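Next up, structure tokens for two forms of one chain, structure 1 and then structure 2.
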Structure 1
């Protein structure tokens, strides 16, 4: 080390080598991970309507206040998952289904990515399917009507003079409903809970019925 400290040229070469090694292992190696380019099994490209909605989402600056990434933290997987009321209403059981952390394969068809860094509003990575289309329309028209206390601005220009949603509003809702659907986490989570509770799946019920009939 004394040689390195006393010889300027040697010191510069040493620093450059360290920088190159650091760059290689922190930037190049991660980019070799195939999961970054492999879609999840349920991933599908955006439709034309959804792509138009994404353009509206970007233009209106929605990504300034909303992220699209669920981190591997218990507080986030619980918050953005399904509560007991939602699971009961949709699947007939009362249980908390945690949202899975975001996976690289979900974003394969995203160009550009809109992961975001600021959460003035809630994360939207798992919002697809959480609400019906009418909820989103009302939320865009008057955020306080669906989310009391919300500081989100009303996007009145996405509606005509009669208050009906324009094509852009419909496209934006289609895009929001797409978010998070590249993983069938709701269905898989409920199926796992039912299995743990000993509730037979539809396939098992059908098989049992056929066996009784025979």
Structure 2
């Protein structure tokens, strides 16, 4: 052992080799794993507008307080699923559709990834289609108007002098509506419930990005 304490070169070689060993197994091997690159069946790349929205999301650091991963835990599939109070009230149904846990194939178009680490606010992996566009606009302009008790900042610089959303705000909402839709769980869940209950659909639950604006 004396030699690693007296010869710099020997110490350097051993340190580097050990570091590369762990790097190989925990980083290089996953990089070679094709299943981590295969898109899910419903996955589609971001549109230009959504991509612009993703850049706003990155710039404003939304990802510091919102994760984008439904962990593989029963309680999270319920929390981020469709609860009675959100989606099904308008159908007059009490039901809960679990959100599928996040899968690698949903993220293949994410560069950089925005999985996040901290939930000062709720997870956004399945937020697409949960609210309509005007809710998001109001929430960005004044978070506490839609979510009393929220500690999110108001993104006033995404709105013009008359309080109308700028292109950036519209793009951001388009991006948010895209989140989690690389698996078509929301449509399938709604269809399933409707079939089970035989209730007619009063309105579309997923809104289109073009409808953004006051």
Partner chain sequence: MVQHEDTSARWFIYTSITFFLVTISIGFIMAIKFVYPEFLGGIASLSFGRIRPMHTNGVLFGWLLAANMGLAYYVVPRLCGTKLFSEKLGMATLAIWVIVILGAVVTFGMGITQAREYLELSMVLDILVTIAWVMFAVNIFATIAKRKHEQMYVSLWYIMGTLLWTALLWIVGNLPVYSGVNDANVNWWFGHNAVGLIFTPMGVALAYYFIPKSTKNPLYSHKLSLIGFWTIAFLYIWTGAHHIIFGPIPTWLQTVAILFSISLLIPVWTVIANFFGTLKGKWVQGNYVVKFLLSGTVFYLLTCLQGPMHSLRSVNQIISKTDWIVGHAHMAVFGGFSFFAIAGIYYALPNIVKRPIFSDRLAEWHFWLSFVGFLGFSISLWVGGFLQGLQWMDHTIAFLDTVRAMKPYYVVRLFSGILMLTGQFIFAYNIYKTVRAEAPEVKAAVA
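Positions refer to the first chain, counted from 1. Here, rigid core means the biggest group of C-alpha atoms that superpose within 1.5 Å across both forms. All figures in this text were calculated on a predicted structure; none of them were measured in a lab.
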Legend entry - Pair member which, unlike the other, is the form predicted on its own: 1
Inset, instruction - Using a rigid core alignment, state whether the CA of residue 151 is displaced by 2 Å or more between structure 1 and structure 2. - result: no
Inset, instruction - With both forms fitted on the core, give yes or no for whether the Cα of residue 55 moves by 2 angstroms or more between structure 1 and structure 2. - result: no
Inset, instruction - After aligning on the rigid core, report the distance the C-alpha of residue 28 travels between structure 1 and structure 2, in angstrom. - result: 4.1
